[in-house]
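Given as structure tokens, the chain that follows is alone and in the form predicted on its own.
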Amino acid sequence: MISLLDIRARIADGTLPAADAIRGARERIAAQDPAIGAILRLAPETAVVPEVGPLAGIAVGVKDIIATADMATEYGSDIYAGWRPRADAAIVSRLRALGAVPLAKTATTAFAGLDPAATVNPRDPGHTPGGSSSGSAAAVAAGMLPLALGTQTGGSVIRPAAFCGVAAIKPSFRLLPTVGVKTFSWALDTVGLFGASVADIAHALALIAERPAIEAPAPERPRLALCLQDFAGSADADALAALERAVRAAERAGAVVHDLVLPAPFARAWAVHPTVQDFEARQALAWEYAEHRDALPPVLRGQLDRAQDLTAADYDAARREAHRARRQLKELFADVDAILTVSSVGRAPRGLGSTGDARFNRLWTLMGVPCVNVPVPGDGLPLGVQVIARFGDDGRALAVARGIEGALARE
């Protein structure tokens, strides 16, 4: 994979011109993407490459539900084939202001739903890369791009990151702007980042969010809570073994780890996530459903069909459950620096007919808290663990994750 920090260091010491860094990304995409299908289209060859700026020379992949004025934005659907927004999404404008080049639109499932895109897992093309940010995760994993944008409504950043073996963060809700991002659920949609390492995504997030403290060091002896989320079902043996390795690595790095069983309000909140998501999706995609229902892919079409029966009372009750759990989570974090849990049920499933299962991600998306995927090295397809911190404490989540990542690398 290509390190954002390494590229920036080489640009800073004069050994790599920014234009050459972008040219190299184009060449890697041309060589590798035909076998992976992560990239939908590229910015024009005539696109300006800034030579200055804290992210100059960084080629960025932009999930194709995020508007770009110089490239079509099709939301993974033929309904929007060739559609060109008049303006960049706010997050894309911010990247340009930092000197980065939004170089490629990356594959997404239709409207960031559950129907798979054509992208394959670069670690093994017979397995899914996850979704819905499949192209962004795969492009970083294959070494085509040092940074890519995704979005998460259930588990669409953390899960593909785990399946493809890359670092990623779903930040605190609304830390990054969603203006210009196709809405699925306005109470859940969160823009996230993929990179080669935790340090890479921490640096990028600190710059994009204009919050230098995000790169602050972790406590010397972080207090971690090991959480299995039993109400979500069981992870498989490989995922649990990876979690145990991460626990041992955290302890070697100085962490104090204890078990955490989440109280009943969290099980109820987990159960109502689909109600919040689907009630809002029914409204967010109302035009597409009314005018182009037959053109929607089958899983999304069925999801929206069922959502027609949801009532405002159902939605309000679900939101109250979420609010109760958020209040209790704030209390739990009084004695804990971060929660450690699995990123996915297990390794990427065989076949391309599914994007995998988000059941170990959706509670944390509903809670709005920062979540970081840390890849766990090993044989076979990748596995990851998830580091979760209190709302607004993205720096602590990243710092703890960086400590675990480093300890795992020293094994």
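One rule holds for the numbers: they count along the sequence shown, beginning at 1. Because the structure is predicted, anything quoted here is derived from the model rather than measured.
The discussion below concerns the form predicted together with another copy of the chain, not included here.
Q: For another copy of the chain, considered in the predicted bound form: do all three of D124, S234 and W270 come within 4.5 Å of it, counting heavy atoms only?
A: Not a single listed residue reaches another copy of the chain in the predicted bound form, so no.
Q: Does another copy of the chain come within 4.5 Å of any heavy atom of A213 in the predicted bound form?
A: Contact with another copy of the chain, no.
Q: Would you check, heavy atoms only and a 4.5 Å threshold, whether G143 touches another copy of the chain in the predicted bound form?
A: Residue-level check for G143: no, no contact with another copy of the chain.
Q: Mark Q283 yes when one of its heavy atoms lies within 4.5 Å of a heavy atom of another copy of the chain in the predicted bound form, and no otherwise.
A: Judged by the heavy-atom cut-off of 4.5 Å, Q283 is in contact with another copy of the chain in the predicted bound form.
Q: Taking heavy atoms and a 4.5 Å cut-off, does D278 contact another copy of the chain in the predicted bound form?
A: No.
Q: So another copy of the chain isn't shown here. In the predicted bound form, which residue out of L240, A118, I79, V299 has a non-hydrogen atom within 4.5 Å of it?
A: Looking at the other structure, the residue within range turns out to be I79.
Q: Tell me, which of Q303, Q229, S197, S93 has a heavy atom within 4.5 angstroms of another copy of the chain in the predicted bound form?
A: Exactly one residue meets the criterion: S93.
Q: Taking 4.5 angstroms as the heavy atom distance cut-off, pick the stretch from 135-143, 171-179, 218-226, 153-161 that is near another copy of the chain in the predicted bound form.
A: Residues of 171-179 come within 4.5 Å of the partner.
Q: Within 4.5 Å of another copy of the chain in the predicted bound form, which residues of 108-130 have a heavy atom? Give them in sequence order, or say none.
A: Stretch hits: zero.
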